[in-house]
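Single chain ahead, by itself, as structure tokens, in the form predicted alone.
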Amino acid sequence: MVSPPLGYALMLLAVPLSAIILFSFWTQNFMDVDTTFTLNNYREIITEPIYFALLKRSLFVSGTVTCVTVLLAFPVAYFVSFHVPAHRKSLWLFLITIPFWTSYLIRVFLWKVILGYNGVVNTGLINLGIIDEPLTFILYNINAVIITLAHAFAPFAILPIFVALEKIDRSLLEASQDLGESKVSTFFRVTLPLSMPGLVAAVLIVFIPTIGDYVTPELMGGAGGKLIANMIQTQFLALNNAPLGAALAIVAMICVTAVSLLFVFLNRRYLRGRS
């Protein structure tokens, strides 16, 4: 019974990944692919400063988006789990998932309208007399990319945190307060450690996809907001240099894996210190 899902996983995950790894050790001259083993693509990535700069910017943007999204998602999930009556939780979850009803691309374009030079934000602030000229730092830069990605991935962070909070035995919270702990100390000593599985899931679910997103940086980032995914797309589609694009993808995956494992390791140390 394991063979069908195993074959499915190999076909859709292992085979494409193996092809990307193999391609990264080849070279390409327009339409001609040289299958001779070489490390030139990785040497170029190491020696060219632009690739390191894009990778560093991508990690910064993904990390910032993850922190903002999780910090904003936790209060929402906590409120729905602990303060919304049981018969209304389904309605709240339904409202949280409303952004999934529309295309991701449409949501990006909507933020472009909201943050634009003559968009909703600038027009509203000018009409209120708060500013005299439209703000230019909220579009076509990293700020716009972070805002758009944080909104797009908010439901992905809320739902796993909510599930983890729902699994917490409420009697443990009552016991903590019966033993003299305040609500604040109960949250930090009981609720937060028990909700860590949901927090870890939310962090990984947001961090890993955002570093590979190229639509939002392409539409919202401008020249100064491009990320490593945009360079990978350019290598594959515009410059006809798939091996270099594959090598960039492998390097990006290695960095994401390293950061994710480091986060999981630090989280385990935190939980051990609390136990």
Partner chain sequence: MSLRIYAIAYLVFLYAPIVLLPIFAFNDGTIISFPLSGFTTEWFSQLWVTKALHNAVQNSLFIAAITAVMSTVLGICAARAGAMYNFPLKRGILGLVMLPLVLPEIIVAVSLLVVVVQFLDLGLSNWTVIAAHVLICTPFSIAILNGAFQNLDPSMEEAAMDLGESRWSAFRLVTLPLVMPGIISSMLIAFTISLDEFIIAFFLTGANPTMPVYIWGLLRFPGSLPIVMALGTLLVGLSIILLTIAEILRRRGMARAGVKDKGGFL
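The model shown is predicted, which means the values in this text are computed figures rather than measured ones. Positions refer to the first chain, counted from 1.
Just so you know, the form predicted in complex with the partner chain exists too; it's not on screen, but the next bit is about it.
Note on the partner interface in the predicted complex: the residue among Leu237, Ile46, Leu39, Ile50 having a heavy atom within 4.5 angstroms of the partner chain is Leu237. Interface membership of His83, defined by any non-hydrogen atom within 4.5 Å of the partner chain in the predicted complex, is confirmed. In the predicted complex, at least one heavy atom of Val215 sits within 4.5 Å of the partner chain.
Although the partner is absent here, Ala73 sits close enough that one of its heavy atoms falls within 4.5 Å of the partner chain in the predicted complex. Taking non-hydrogen atoms only, Trp92 approaches the partner chain to within 4.5 angstroms in the predicted complex.
In plain terms, the part of the chain that comes close to the partner chain in the predicted complex, with a heavy atom within 4.5 Å, is 153-161 out of 153-161, 169-177, 134-142, 190-198. Judged against the partner chain in the predicted complex with a 4.5 angstroms heavy atom cut-off, the residues Leu13, Leu105 and Ala249 are in contact without exception. Residues of 219-239 that come within 4.5 Å of the partner chain in the predicted complex, judged by any heavy atom, are Leu219, Ala229, Ile232, Gln233, Phe236, Leu237 in sequence order.
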